[in-house]
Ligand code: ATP
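Consider the single chain below, provided in structure tokens and representing the form predicted alone.
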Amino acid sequence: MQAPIGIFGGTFDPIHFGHLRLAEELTESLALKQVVFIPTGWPPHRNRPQTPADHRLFMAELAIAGNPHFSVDAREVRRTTPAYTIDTLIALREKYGDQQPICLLMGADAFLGLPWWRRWQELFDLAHIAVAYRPGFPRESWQNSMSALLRQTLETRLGSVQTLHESAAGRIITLSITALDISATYIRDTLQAGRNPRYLLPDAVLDYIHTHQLYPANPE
């Protein structure tokens, strides 16, 4: 048995305590070897982030500093074409080998959109998927929002912590995590309104935002 490596992708515009807490709780709950944060450069399923990729990469590095279980991977921000998860996982599988369990970490909202991802069913050939949801929002409550194919996939592939350690890929696990109602959109709006988002994100990240004037206040 090997401890899985968690892969956590996102725009991280900016990274905040909601992201960090999700990664920390899944590290403990799933007994992960590490969590690799992968800021996306050009997400194909949404508009390009307003903040340049290098800034978002550096904010992620600041946010995870001091946590030996966290690291940051720059491969997607270095791409000049849209960054698809399937391509990233293929590259990571080449890096870590066929036997290393890899676990893609995501929230319930992202999981519900999985059928619109490129070659989404092939993701299970490369990784497990861990779906984090808020207390009071159990799997049964969002299962009704799934497509029939996604629901069938969940039921067929539903696993346990043990199965994540016993195989390299192919399982889905769902876990409840602490509810932190924090979003990058809210932080950006707060800054652009001239308010202080302190305690929603690490101080080092907030200092970096102010130094580089990443989300300047809108003029009256």
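Predicted, not measured: the structure shown is a model, and the values here were computed from it. We number the residues from 1 along the sequence you see.
In what follows, reference is made to the form predicted in complex with the ligand, a form of this protein that is not presented.
Here the chain stands alone, but in the predicted complex its contact with the ligand, taken as any heavy atom within 4.5 Å, falls in 175-183 among 161-169, 58-66, 25-33, 175-183. Taken together, Trp42, Tyr84 and Leu92 are entirely out of contact with the ligand in the predicted complex: none brings a heavy atom within 4.5 Å. Within 4.5 Å of any heavy atom of the ligand in the predicted complex lies no heavy atom of Leu123. Taking non-hydrogen atoms only, Met106 approaches the ligand to within 4.5 angstroms in the predicted complex. Residue contact with the ligand in the predicted complex: Arg134 places a heavy atom within 4.5 Å of it. Put simply, Gly9 is close to the ligand in the predicted complex: some heavy atom of it is within 4.5 Å.
In the predicted complex, the ligand lies within 4.5 angstroms of at least one heavy atom of each of the following residues of 15-36: His16, Gly18, His19, Leu22, in sequence order.
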